[in-house]
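Next come structure tokens for two forms of one protein chain, structure 1 first, structure 2 second.
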Structure 1
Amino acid sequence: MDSRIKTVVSGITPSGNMLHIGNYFGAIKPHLELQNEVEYAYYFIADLHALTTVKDKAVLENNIKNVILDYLALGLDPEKVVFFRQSQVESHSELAVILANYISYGQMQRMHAFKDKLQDGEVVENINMGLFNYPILMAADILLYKPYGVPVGEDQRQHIELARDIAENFNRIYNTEFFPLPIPMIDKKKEISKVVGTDGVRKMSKSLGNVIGIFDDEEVIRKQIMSCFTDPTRIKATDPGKVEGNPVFIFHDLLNDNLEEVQDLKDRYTKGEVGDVEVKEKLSNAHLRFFKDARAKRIILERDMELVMSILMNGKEKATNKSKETIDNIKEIIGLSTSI
């Protein structure tokens, strides 16, 4: 890792109910590793961002609760990470309003979130301004804590580039080096940064129904695994099968701690000596072993919401102190200080 990266910032949007293994290997695992490698880590629940798609109060509250519990159960350490809800730190919204003055309308029109909606057939007049301004709020989320690194997936690279553009514009206009230019920290390993779904074609996504959960009931997870596509050219269990690119074996490599078993399954699969059912059953067992401790911890946390709330309140206090310092400095630079 770049030795200059001492502070990292990342948000988790609670747009879905429960997390899946694509979330874990694509974002959560890197987050958990980084908490042991940097001096300061700010991880927040991006509940303001979720408003662009979630318009039901009960659904949003449930999503937020689940993401918080999931992250803590999976190993986020509140002693090492400032963990909080975005909406509870007012500086995020305040800085977004300020930063909107340092980027052009034309550049905002070129952002993927906006363009993707148009390509999906949405009429411009129907696109909400929350979605259109999403990248500006994300830039504020990042720049508030003045990080050098931002752990994201490849699909978020453009948003980090926009944050850099805004920071550069601000620094140039006021002849300052106030904002460091953040760099996207993207895992180069394709199988990690973009976990394929159970359909074997598209990225794992709740909306596509091609996921393997983490905290769902055991039977639900088993059914998800048993529905996985394998080698489409393999008609019978005695036919030689292809391991490379096969979703079930991709998941085995990620989840199965019994390396000898994985190698044995691969060898037998390529020779046509093992059926898909056995391969999937062993994957199901491996999944439950891999997340056993996290699943147990989540049950304990859900029974002690006072502890969870105290963690978030502590994170809110730390994030508020840091972000207020940034906002006060910005106001001094641009002429909005409270000295008059």
Structure 2
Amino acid sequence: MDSRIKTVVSGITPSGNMLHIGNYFGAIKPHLELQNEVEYAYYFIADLHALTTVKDKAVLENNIKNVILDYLALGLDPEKVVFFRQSQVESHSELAVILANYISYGQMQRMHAFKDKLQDGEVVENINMGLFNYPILMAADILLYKPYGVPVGEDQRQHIELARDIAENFNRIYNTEFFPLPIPMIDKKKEISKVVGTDGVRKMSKSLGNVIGIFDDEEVIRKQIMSCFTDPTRIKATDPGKVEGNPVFIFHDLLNDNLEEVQDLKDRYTKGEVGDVEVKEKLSNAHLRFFKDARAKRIILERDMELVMSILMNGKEKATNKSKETIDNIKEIIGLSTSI
């Protein structure tokens, strides 16, 4: 590992009620690896960000609880990580208000999330300002902890670039090197940085309904896997099929620890000697093996919400202390620190 890495920061938005394997391979797995390697890891639930899409109190509360449990069950170690809820650390909102002054409207208009909405046919007048400002809040999330890097999936790259631009503008205007420019830490393999959905075409994403979950009921996961697209040119099981770029085999490579079985399935698939059902059944079993321990741990955690709450309180305190320090320094630099 790069010995310069002291601090990393990352977040997950509880816009859905459960994480999927795209979140896991693109973000959570690297987060868990980094927690053992860096001096400071700040990981949080971006609950303020979820407000752009979730406007139902009960749904939001449920999503937040589930994503927290998922994250902990997957192996986040609260001894090594500062783990907290964004909305409980007030400096995030405060810094977002400040940073909005160091980026232009024109640049904000070029952000994907906003442009995608327009492309989906949304009228610009109806786009909520939370969505438009989203990348500024995200820049605040990051810059508060002055990290070396931000481990995320490919879809977040543009947001980190914006955080860099804001940091650069700030440093230039005040003639300071206060903000280090955060590096997007994104896996070089595209099968990992942008895990494809079960449709085999688009990025796996809750809002597109093309996910394979992690903690859903076994039957739900089996159905998600059974609905997976394979080689679209293959009509019968006896037709030779293509393995490369085939989502079912991408998932086997990610999840199946039985490498001989994967090789055997690939060989037979290429020759037209195995049906999709067998390939998917084995993928389903591999998924259950892969997440067996995490699924068991989640059940135990869910019975001990007091422990979970104390982890979050502890994280809130540590994140508040660190981020207050940054805010105080920023106020000093920009001229908001005097008491008169």
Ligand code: TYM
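Values in this document were obtained by computation on a predicted structure and should not be read as measured data. Sequence positions of structure 1, starting at 1, serve as the residue numbers. We call the rigid core whatever largest set of C-alpha positions still superposes within 1.5 Å between the two forms.
**Asked** Among the two displayed forms of the chain, which is the form predicted alone?
**Response** Here the form predicted alone corresponds to structure 1.
**Prompt:** After the core is matched up, is the C-alpha of S104 off by 2 Å or more between structure 1 and structure 2?
**Reply:** Yes; S104 is a residue whose C-alpha shifts (by 2 Å or more) between structure 1 and structure 2 when the cores are overlaid.
**Request:** Take the rigid core as the frame of reference and indicate whether the C-alpha of I173 shifts by 2 Å or more between structure 1 and structure 2.
**Result:** Yes.
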